[in-house]
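Next up is one chain by itself, shown in structure tokens, the form predicted alone.
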């Protein structure tokens, strides 16, 4: 790894990987993966990618309408138009790069249905669509000599420097600095600010914190999606997701008495949007006095289920549940962030040369609630848009970035135990599915006090400290927005 690049991409999910492919061979690109390059929310995406490739029984207008309805009409309509109308070409592009989607016996692409969609428009690779896309994009990135992808490179901070940015990071246990003229944040979500999440350990909101610290506008961070059907395992903070596609293929949602109940809350039943189903589960829990809920898809048969959902079937078996014979215990948990670093349609933030794409960015495309399987599409469309905008800026005249050496002293006091756990407990109690106003008012000053300590006391510069600071910044912004809205 060198020290000077044209473009720094922070994150190795679909948004960052796809963006990197739109730079010419003379543009030096550094991509940093916080852990292994395959560890991202993108890789965990099960259901599929939504797009209108066939207009015979679907249309752009229908996809747009479904996205707006799911988002509570809080969406940026221009962003939704870009997503839906441009997305199909990006889907075709990744297919040209080798991504394989499931097909019907006649060779046509198979489409599934998920909550909030009025048509079958979800293209999938069994129940590992994200992994399939990430693997094929990584294979393409490895062919590009202008792209350097570094694993286990955790950033401490990103600051303006020398006409671009300086990023300080941990590499092989030591602190190093790299410089780049442009920076694209593609760091994913904020799931680890909660006790329970479907997100990987890397999802600590780092990119949002870095952007916030250098003055970028953060918008609608309280727009958080809670997935209604995560595997219910209270002893594990990382909840395994039971894809919405399982309900799309006919699973029933049952209460603690093994009864269907969605008819009490929404005419769309199990295929209502995620926020509706999550709220319905909590309301049903209050009605029945039980917090036990299940998915039942046993009627579809073993051969079908183990072929269509091999990863879900295997993961459930590891937990003692045979989805062809048993009910699957589920409960809502944190899943996705619709807010983030505020950007325009080309990924530009309010800080010059700083861009954001993917889950850490607020394009406004999702409104108050993301429509199922629009996330991978958003990563493609707006990752590409950001990269093309940066590339255009470079072509228009770019003087490079000056290296300004800095001395970083990582010494300091050890991080106080329990700080991140306290943040997670506060967030789980105050802002889960249906916010608790009293808990928000009580929790906000506690989180802000923790953040003040992290900012003002001299703690040792470690990966754990950096993540704790990110979680504190994210939690403080969420609770402030929640209290002031």
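Bear in mind the structure is a predicted one, so any value in this text is a computation, not a measurement. Numbering follows the first chain given and starts at 1.
Missing here is the form predicted in complex with a small molecule; even so, the following discussion is about that form.
Out of the listed residues 124, 227, 385, 362, 227 is the one that sits within 4.5 Å of the small molecule in the model of the complex by at least one heavy atom.
Among 372, 203, 80, 134, the residue placing a heavy atom within 4.5 Å of the small molecule in the model of the complex is 372. Contact between residue 241 and the small molecule in the model of the complex is found at the 4.5 Å heavy atom cutoff. At the 4.5 Å threshold, heavy atoms of residue 42 stay clear of the small molecule in the model of the complex, well away from it. Residue 335 belongs to the set of residues with a heavy atom inside 4.5 Å of the small molecule in the model of the complex. Residue contact with the small molecule in the model of the complex: residue 67 places no heavy atom within 4.5 Å of it. Annotated contact segment (heavy atom within 4.5 Å of the small molecule in the model of the complex): 42 to 50, selected among 23 to 31, 42 to 50, 418 to 426, 447 to 455.
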